[in-house]
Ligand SMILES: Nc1ncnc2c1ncn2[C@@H]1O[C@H](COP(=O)(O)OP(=O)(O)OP(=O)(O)O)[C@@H](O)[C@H]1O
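Next up is one chain by itself, shown in structure tokens, the form predicted alone.
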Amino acid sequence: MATVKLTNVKKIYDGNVVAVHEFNLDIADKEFVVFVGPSGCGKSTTLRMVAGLEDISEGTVEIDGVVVNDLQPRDRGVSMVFQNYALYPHLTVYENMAFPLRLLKGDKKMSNDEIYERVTWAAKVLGITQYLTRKPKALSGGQRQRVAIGRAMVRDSKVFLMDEPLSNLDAKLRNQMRAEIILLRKKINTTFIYVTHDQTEAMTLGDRIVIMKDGFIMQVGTPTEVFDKPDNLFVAEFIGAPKMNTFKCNLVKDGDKYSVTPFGATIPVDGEKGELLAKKGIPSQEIILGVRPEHVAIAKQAGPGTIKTTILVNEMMGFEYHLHVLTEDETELIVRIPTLNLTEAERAELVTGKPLYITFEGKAMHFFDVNNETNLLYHKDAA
């Protein structure tokens, strides 16, 4: 078993600067949990408190039911991979991976044969067997990161901690290494805590995602939950690329039916969203409406449910267009349109300065309180 439990964990630096506030989280055995958020949100600090590299100001960290607050990092049963590879340049790949095993003392001390067996096993899993005799300077960035991961793997730790391990790699290598981490997780089948600022990494890697802001947990959930049911406006805008379009408008209740009035249009709220609004009895009010770019559609013609815009920029992404459009009250929105959905004539119309009518469906909308920015339908304290 390799469970991790953080209870009311807090980090306070000199000057009463609170970096992490009342962090509570239970991580199950063999679960892959990702901490994600903007720079300075406290995600790396939290990871380092689990590792024992930062003192815990308040609260407790438990690994397999044992409080580890006062244990040294080497005694916690964790391995850590950092953003920088931290490899010894004068040692070969083999010796870099064997280094933590050679430091073991007492009953844990390993023979050379045992060390060789464990290092070659990790090298085989990571596909770096052919590099074992090389020095780090003879390796690419992706290969060095594999060595750093291998050095952590050989320790056979209860928990695997990774602090932005891919951020120093270029985009192509990052995508490749992300896929390799998914495969690695299946092979070693241990508990992972992974820190990143990249929401794509979080969505593709995590069983659950912990989204943080200013030291607070904003939401914990599966990738599907945080994307489809964001707890608040911050989560809604942070998860998804391009980010969700958000703007103020009125939510209008007429009996059990609802509609919204963005930019002079009247669009009915149908499907599950309309049913939930009625079930909760949410009254007419000003709201912040959210619609993801991929859920905005080009309207065939003007009508009461359409919004007139002007194209500012057309970003051709290959498989899709990202259209930056401007409404008549000068609100900028993003529309994401798959290229396969358009004829050549329609594509020719998507140029700067051209008018464009857009619309969206009720089932694609998200409704946020204008005062506290919580989701009116899915926030835990919503009516």
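Since the structure is predicted, the reported quantities are computational estimates derived from the model, not experimental observations. The first residue of the sequence shown is number 1, and the count goes up from there.
In what follows, reference is made to the form predicted in complex with the named molecule, a form of this protein that is not presented.
- Considering the named molecule in the predicted complex, the lone stretch of 340 to 348, 43 to 51, 66 to 74, 25 to 33 in range is 43 to 51 [heavy atom distance within 4.5 Å].
- Shown alone here, residue 370 lies farther than 4.5 Å from the named molecule in the predicted complex, counting heavy atoms only.
- In the predicted complex, residue 19 approaches the named molecule with a heavy atom inside 4.5 Å.
- Not displayed here, the named molecule is kept clear of residue 180 by more than 4.5 Å at the level of heavy atoms in the predicted complex.
- Not displayed here, the named molecule is approached by residue 39 to within 4.5 Å at the level of heavy atoms in the predicted complex.
- In the predicted complex, just one residue of 158 to 173 lies within 4.5 Å of the named molecule by at least one heavy atom: 164.
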